Structure formats: C-alpha cells, structure tokens
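A single chain comes next, written as structure tokens; it is the form predicted alone.
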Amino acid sequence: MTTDFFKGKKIVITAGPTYEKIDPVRFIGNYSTGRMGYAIAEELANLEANVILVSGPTALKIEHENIQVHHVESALEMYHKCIEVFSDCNLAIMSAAVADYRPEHYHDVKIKKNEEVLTINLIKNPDILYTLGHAKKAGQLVIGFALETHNEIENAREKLRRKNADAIVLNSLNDPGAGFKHDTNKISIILEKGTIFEFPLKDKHAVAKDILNCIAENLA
C-alpha cells in the first residue's frame, strides 16, 4: 500500500443506495449495501486521510476519528452535500448507487390500491459524477464506479469520457460474487489514458486497497 499519497488529504466518498420517495411508505431504491464505499472510507482513514463519507440509507456503522459521516436519503440530498464539500477536496470517490430518476410528484398520503394500472412519472436526478468531473480543478481527482450487465468495458469507457473522470471502477453483475449484497467484489479499473487493470474476486476491504494502490501509483 502506498501510504504517503493519501496522508492529510481531504477525500469525499459516497456510499450506499439512494431512496426516492413515492409516498410516506414507498420509495424507488436498489440493492446496494454500502459495503464497498464504507470499506474504502475505512482504509483511507487508516492511511490518515481526512474522509467525508456521504452515505445513503444503510445498516452499516462506522466510527473513526478521521471519518466525518453525513447521512442522506435521496439523490438530491447526496448531490447537494457533495457539491458543498468538493471544492476543497483533493479526491472524490463516487461509489454510491445513485438513483438516476425520482418520482416527479411526492404523494403526502399513502397511495391507495384503487386502479388496475398505476403510472408514476419519473424525472432525471442531477448527475453527481458528471458535475464533479466537470467542476474539478487542477490537482483534484474524481473516481467513478460503474456496475454493468453487458458491454461492460465499452460502457465504462464511455462513462469515463462523458463524465470527465480520472478513473472508473467497473464491476459486472455477470461475475459471481461481485456487485450488490456480497462481502466480495471483482473489479477492473479503467484509467483516462486507456489503461485497464483487472483484479480477481476479493473481499471488499482487499478490493478497497487495490483501488487506493491503483490511484496512488497511477494518478499521483
């Protein structure tokens, strides 16, 4: 582990899912547990980085003197917190599974089961990775995550280009033990210059160390 690169740096990490409310009892969400982002946050804190963890809803707990946790629920809340803290950060690692869309209207009371078909209009959420990637200044790095089900490398490369990130951490739901609901993950890291690093299936803390080593050795 290349330890000195992260020491004293201010780093924002997003983790977990977002919940997009439909009514007081229902929401749009996903299966993210937040384990990957929390593992990265803990590894960075142990390397004496100053970590700002922006966490969506998760059962995970984390306590470390170098980690400041901000709990959010929706994509909009996560977006605004990341914008607020990013300007004086050295690095942003966007590992959260953020909802791309949210319901256009929130219902103040529970929707009753009266109709055979219920239509909910969705509107696009702001893109946190795109915003930070295009707002970064010299000396700032932005790392994105991509969870794909097909054309994995091509889609990740396009995401890297479109969002002006410095690297994309790719995992595929086609790989057993990778993605949501596992203590393990199998990743590839794609750099802006086109280099791809591939890693075998590992527990998420070992994966976090691989990600941080790759950043320190290739993006310093």
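Predicted, not measured: the structure shown is a model, and the values here were computed from it. Start at 1 and count along the sequence shown; that's the residue number.
We do not show the form predicted together with a small molecule, though everything after this point is about it.
Among 139 to 147, 115 to 123, 102 to 110, 83 to 91, the region lying within 4.5 Å of the small molecule in the predicted complex by heavy atom distance
Within 4.5 Å of the partner lies stretch 139 to 147.
Partner proximity in the predicted complex: S95 to the small molecule, non-hydrogen atom cutoff 4.5 Å
Result yes; S95 sits at the interface with the small molecule in the predicted complex.
Consider E73 of the chain shown here, and say whether it contacts the small molecule in the predicted complex, taking contact as heavy atoms within 4.5 Å.
Because no heavy atom of E73 falls inside 4.5 Å of the small molecule in the predicted complex, the answer is no.
Check D127 for me: does it contact the small molecule in the predicted complex (non-hydrogen atoms, 4.5 angstroms)?
Heavy-atom contact with the small molecule at 4.5 Å: present for D127.
According to a 4.5 angstroms non-hydrogen atom cut-off, is K159 in contact with the small molecule in the predicted complex?
Looking in the predicted complex, residue contacts with the small molecule include K159, since a heavy atom lies within 4.5 Å.
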